[in-house]
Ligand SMILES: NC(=O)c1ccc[n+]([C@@H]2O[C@H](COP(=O)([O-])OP(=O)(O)OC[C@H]3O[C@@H](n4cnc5c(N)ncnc54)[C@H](OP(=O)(O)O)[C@@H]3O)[C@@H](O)[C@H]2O)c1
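Take a look at this single chain in structure tokens; it is the form predicted alone.
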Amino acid sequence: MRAITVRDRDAGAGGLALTDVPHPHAAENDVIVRVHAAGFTPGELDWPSTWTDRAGRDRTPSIPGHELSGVVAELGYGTTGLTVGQRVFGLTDWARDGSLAEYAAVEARNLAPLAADLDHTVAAALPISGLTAWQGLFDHAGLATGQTVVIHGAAGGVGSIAVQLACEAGAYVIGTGRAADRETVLGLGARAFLDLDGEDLHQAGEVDVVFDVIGGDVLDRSAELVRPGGTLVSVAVPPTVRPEDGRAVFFVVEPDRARLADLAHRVRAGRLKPIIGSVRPLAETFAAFARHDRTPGRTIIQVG
């Protein structure tokens, strides 16, 4: 099969290549998915799991990408709950070959059924962004109706979904980003917007939750915004500056079949809309990685 592979840890996106690789093996409780669309995270070439397995052994050439939507092509021994020919979407394991390939091996529990009226490119934009937004806001921060939340990077893949989910939950949402993002973020339902380059972050006042996807100085300064009993949540890096009388949480998104199904239902009902800025063929994955930061919304790779 054809797949995007990477061998050289120091080459960055320049080390990506479209190559022929062996068809994946379906281990116990695995599903082989014929990939129609795949998502990726630009920073994943820096993740240790891209280069080594869980035992620390080199696993290159590795296939990046960890979001997919497609059709079940094969079931591994003991796999239940899914059938050959069924449309599915979900997450691949961090330390196994990923989704930027014609076929991918995935644990069945990491996949959710996909309705026939939901496009594969939309579904591929949901798993990491949608699950990260939900888990950060509700599982880790416990965001509730009437609370105030600051969402950094509110026009990005994770941030834009977080804004929509928080608004639907009845929270007062303050989004942040670049000046050019203002109308996009307000259009998603945020009540206010702060330009991180030109406005004082303290204009947000005291808030119950800060949800950060940026890290660095923005994350450090955000600790001062959290009111007593509030929560600072980051998916960028572990916070080094903690709220004086609150919690600081860093987490890595976890697969969740039931929540994936819920997110897909929200999309079908028109209550949630992932922002997809570009759809590219598999052969243009290198350009997609290299230019991702200059493309509004998520970039999705169309494989099938």
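Start at 1 with the first residue shown and count on from there. Because the structure is predicted, anything quoted here is derived from the model rather than measured.
Not pictured, yet referred to below: the form predicted together with this ligand.
Q: Name the stretch, out of 260-268, 57-65, 39-47, 23-31, where some heavy atom lies within 4.5 Å of this ligand in the model of the complex.
A: Answer to the contact question: 39-47.
Q: Which pick from L111, L114, A155, L143 sits with a heavy atom within 4.5 Å of this ligand in the model of the complex?
A: Result of the distance check: A155.
Q: Of these, I276, L272, V253, A248, which has a heavy atom no more than 4.5 Å from this ligand in the model of the complex?
A: Here the answer is residue option V253.
Q: Using the partner position in the model of the complex, report whether D181 sits within 4.5 Å of this ligand, counting heavy atoms only.
A: So D181 counts as contacting this ligand.
Q: L137 versus this ligand, in the model of the complex: is there a non-hydrogen atom within 4.5 Å?
A: L137: no, not in contact with this ligand in the model of the complex.
Q: Indicate whether G175 is a 4.5 Å heavy atom neighbour of this ligand in the model of the complex.
A: Judged by the heavy-atom cut-off of 4.5 Å, G175 is well away from this ligand in the model of the complex.
Q: Find out whether any non-hydrogen atom of V226 is located within 4.5 angstroms of this ligand in the model of the complex, and reply yes or no.
A: Close contact is absent here: in the model of the complex, V226 is far from this ligand, nothing within 4.5 Å, heavy atoms only.
Q: Contact check in the model of the complex: V150, L201 and G230 versus this ligand, with a cutoff of 4.5 Å between any heavy atoms. Do all three pass?
A: No: no residue has a heavy atom within 4.5 Å of the partner.
Q: With this ligand taken in the model of the complex, which residues across 121-146 come within 4.5 angstroms through any non-hydrogen atom?
A: Sequence-ordered list: I128, T132.
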